[in-house]
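For reference, the chain that follows is the form predicted alone, supplied as structure tokens.
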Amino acid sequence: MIAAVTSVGITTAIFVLISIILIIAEKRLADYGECTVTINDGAQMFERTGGVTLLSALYERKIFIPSACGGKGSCGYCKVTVVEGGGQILPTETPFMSRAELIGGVRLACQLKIKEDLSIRLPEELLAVKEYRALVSRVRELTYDIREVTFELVEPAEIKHRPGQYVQIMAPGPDGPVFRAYSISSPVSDHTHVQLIVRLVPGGIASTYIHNLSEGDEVVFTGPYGEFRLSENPNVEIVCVGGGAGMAPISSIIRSTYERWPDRRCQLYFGCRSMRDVFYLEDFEKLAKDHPNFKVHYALSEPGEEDKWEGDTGFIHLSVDKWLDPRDRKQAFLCGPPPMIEAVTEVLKAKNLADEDIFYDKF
């Protein structure tokens, strides 16, 4: 009995000793010292003790680049071009890269750890992204699980964004603050407010946080981000396709369009499951009466008898295929779940839209 206890004690002591040795070795191996990060050929430079991700180091310096997943390596948005340093690309990064990006040294900032001096390139517009403080000025229930939340800016007091861009809300998480991306639904003419349309995701850190906000609460977000670029040519027809909370960038695009070009041709395609998921329909129907070149197409994929729905049924890509005329130059903006994006993109390409005329966000 004593021998057995002694044996267990010796074994435990050996494991503890090995663990201590490994911890010490890891600390020594991971001691990369002070590393210099150079941005855009010296436009900005800073030093940071090695061992942290490039994304976190940039955020510490108030350099905010997109990261819709909050740095978890699942969105592929935090791309930077590495000119020097960085080592070999990781297997966790390659699924998000095109062949040209792999050749061009593009990396994910959330996966790239600073272990040596780095020289990187960022789009100039990202260096202009700011951190904002704002107060909740209005909360409105749109459906049983979707809220419209309006923020009044405090500092800075104004924001300038393009139609369809997004911000990243900072929400408290179990391991510290997290950032999640939400498209701006307000028109670009409103420089003092940011409006979001947020669906409550069960267990979602940020959506739960936003759905529990009340008027007067303070929030922090960064932005604006996004590659949506509305054509300045009023003869180019706009096609907007979405579903659920994907209404946010679409609302911004449509409202901004008709504030600037009252006679521009624009079509809205919006998919819902049933009438309990429908919102903004009356608003858009009124807008269509004021602007005859605006066409509205809602479709229900699972309408009930109680819905008394007389419009399109089925998934929204079927409505796009049914109503969209392939003639004339068009630009399309999509926002919704990936299967919807993929199905609609196939239809649009069959309707003669080029890749460069199709924009989408999948978050």
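A residue's number is simply how far along the shown sequence it sits, counting from 1. All of these numbers come straight from a predicted model, not from anything done at the bench.
Same protein, other form: the form predicted together with a small molecule, not shown, and the subject of what follows.
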(request) Consider the chain as shown here, without its partner, and state which of 166, 221, 269, 151 has a heavy atom within 4.5 Å of the small molecule in the predicted bound form. (result) 166
(message) I need to confirm a contact call. Of 160, 72, 140, 130, which residue comes within 4.5 Å of the small molecule in the predicted bound form, counting heavy atoms only?
(response) 72
(message) Given that the small molecule is not shown alongside this chain, does residue 188 nevertheless sit within 4.5 Å of it in the predicted bound form, heavy atom to heavy atom?
(response) no
(request) Flag residue 205 as yes or no: does it have a non-hydrogen atom within 4.5 angstroms of any non-hydrogen atom of the small molecule in the predicted bound form? (result) yes
(message) Under a 4.5 Å heavy atom criterion, is residue 199 part of the interface with the small molecule in the predicted bound form?
(response) yes
(message) Taking the small molecule as it sits in the predicted bound form, is residue 183 in contact with it (heavy atom to heavy atom, 4.5 Å or less)?
(response) yes
(request) Could you tell me which of 80-88, 275-283, 122-130, 240-248 sits within 4.5 Å of the small molecule in the predicted bound form, going by non-hydrogen atoms? (result) 240-248
